[in-house]
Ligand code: SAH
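Just the one chain here, the form predicted on its own, laid out as C-alpha cells.
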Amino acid sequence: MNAYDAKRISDTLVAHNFEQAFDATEAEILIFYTCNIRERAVQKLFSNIGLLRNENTKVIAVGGCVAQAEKSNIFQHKHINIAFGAQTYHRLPEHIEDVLAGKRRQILDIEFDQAQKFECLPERKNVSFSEFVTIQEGCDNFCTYCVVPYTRGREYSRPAKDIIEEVKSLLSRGTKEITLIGQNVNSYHGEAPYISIGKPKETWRLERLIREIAELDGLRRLRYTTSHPKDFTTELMRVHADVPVLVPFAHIPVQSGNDRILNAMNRGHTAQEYMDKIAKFQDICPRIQFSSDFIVGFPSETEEEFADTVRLAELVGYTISFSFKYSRRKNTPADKMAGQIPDETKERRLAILQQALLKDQICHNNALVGQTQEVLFEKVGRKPNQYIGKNVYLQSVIVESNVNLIGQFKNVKIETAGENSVMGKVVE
C-alpha cells in the first residue's frame, strides 16, 4: 500500500510542475512516507531525517501512518514542516507551495476523505510491467494489536468503474501484472459500474471485480493482497479455480494458532475455522498455495499457546510467510493488556517459528526442481547477466541470460533450489 501511495505522491507533485530528484543531496523537498505497524517507526523516521537533511533542504514533509498516529506531536522534530495523512496527499502540492512562500511554517493535514483523494489524483506516470491498484482502504475489524483503523480509517471501497478504468489505462501502456491491494481486500464492496433499470443500486464483491478485470485485454497475471480469513468466501475460492490469469496463490494471515489468543486479538475466527477454509480451498483449487502472517509474544501468550501456532504452521505448510514479534502500539487495546511478554522471550519464540516456516519454504522450493515455471522477470541479480523474477507463488527464480529479461514472461526449467530462491534456465 505504501509503495502504491509513494508512486501516486510522485505523480501528483510532477503534475504540479515539481521535478523529482534522485539524490537527496540535490533535493530541496524531502518527503518521508511511513508505516506505523511496528515499533521504532518514529525513531527510524527521525534518524533518516537527520541522515538526509542537508543545506539544500527547504521543506520536509512526513506522511502516512506515523504522521496520522503522532498528529501534532510529529512537530517535536523542529525540522518537519508538513505532516499529512494517507488520505490527504492529494493536497501536498499546495502545502509545499505555502511553506516555500513563507505563508506557514508547519502544516498538519490528516483528515480522512478517501473518495476525494482518488478523485483528485492525476493520471499515473512511469507505468511499469507490474503495478499495484488500490481497490479498498481502511479496516473495520479492529484487531486489538493494530493501528490501521485509527490511521487509515474505516473501510472504503472504490467504485468498480474507477478501478476498471485505471486497470485499462495501465494495460494500454504496457502493464502485464496487476496486484489489487487493500488493508482488507476481500471485504471489497464497491459500487457497480452500472445501475439496472428498476433495480436498486448494486455493489460488487471482490469475486465479481476479479472476473471482470480478468477479461481485459493485455492482462497476463492478476493478484490481490491482503485478505482476512473471516471474509474468505467459497465463491472467491471458485474464482481461483475458474480464472486462468488469477494466480493459484492466496495470502491469508492467521496471526496465531491458539483460540484464546485469536479471541484476545479480536480476529473473529478460530484456528479450526481457519484450517477448515484452507482445506476447502485446496479441494476447490488443488493448485492453490498459501502465505501467511504470524505474531508471536502477544500479551499473556503461554508456551503451550505459542506451540499451537507452530503446529498450525506445520500443518498448513506455507510457501512463504512473514512473522513478527508483537509490537506495542499506542492507543490500541493490546497495549493496555496485562501479561506483556519480555523481548527475549519473543525473540526466542520468533526464532523457533521462523525455523519451522523456513523448513516448509525449502520444501516448496525443492519441489520445483525439474518443473517448468512461468516467470515474470523483475530485476537484475548481483552477478553479471543474472536476472531475478517471480513465479505465480511469489518464489524468486534466478537465471542467467545474455539478453535483458526485465518485464518479460519466460518459461524456466528449475534445476536447483536454495532457501530463498530457485535457479534454472530459460526454455522455449
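It should be emphasised that the depicted structure is a prediction, and the values quoted were computed from it without experimental measurement. So that there is no doubt, residue numbering starts at 1 and follows the sequence shown.
What comes next is about the form predicted together with the named molecule, which is not displayed.
Chemist: May I ask you to choose, among 227, 291, 175, 354, the residue with a heavy atom within 4.5 Å of the named molecule in the predicted bound form?
Modeler: By the 4.5 Å heavy-atom cutoff, the listed residue in contact is 227.
Chemist: Which of these residues, 190, 253, 333, 193, gets a heavy atom within 4.5 Å of the named molecule in the predicted bound form?
Modeler: The residue in contact is 253.
Chemist: I'd like to know if residue 324 sits close to the named molecule in the predicted bound form, meaning any non-hydrogen atom pair within 4.5 angstroms.
Modeler: Taking the distances in the predicted bound form, the answer for residue 324 is yes, it comes within 4.5 Å of the named molecule.
Chemist: If you check in the predicted bound form, is residue 183 within 4.5 Å of the named molecule, heavy atoms only?
Modeler: Yes - in the predicted bound form, heavy atoms of residue 183 and the named molecule come within 4.5 Å of each other.
Chemist: In the predicted bound form, does residue 117 have a heavy atom within 4.5 Å of the named molecule?
Modeler: Result no; residue 117 lies far from the named molecule in the predicted bound form.
Chemist: Please determine whether residue 267 contacts the named molecule in the predicted bound form, using a 4.5 Å cut-off between heavy atoms.
Modeler: Within the cut-off, so yes.
Chemist: When the named molecule is placed as it is in the predicted bound form, are 7, 132 and 167 each within 4.5 Å of it, taking any non-hydrogen atom of the residue?
Modeler: Answer is no for this spot.
Chemist: For the chain seen here without its partner, which of 306-314, 144-152, 234-242, 204-212 has a heavy atom within 4.5 Å of the named molecule in the predicted bound form?
Modeler: This holds for exactly one stretch, 144-152.
Chemist: For the heavy atom contacts within 4.5 Å of the named molecule in the predicted bound form, list the residues of 61-96 involved, in sequence order.
Modeler: Heavy-atom contacts to the named molecule in the predicted bound form: nothing from 61-96.
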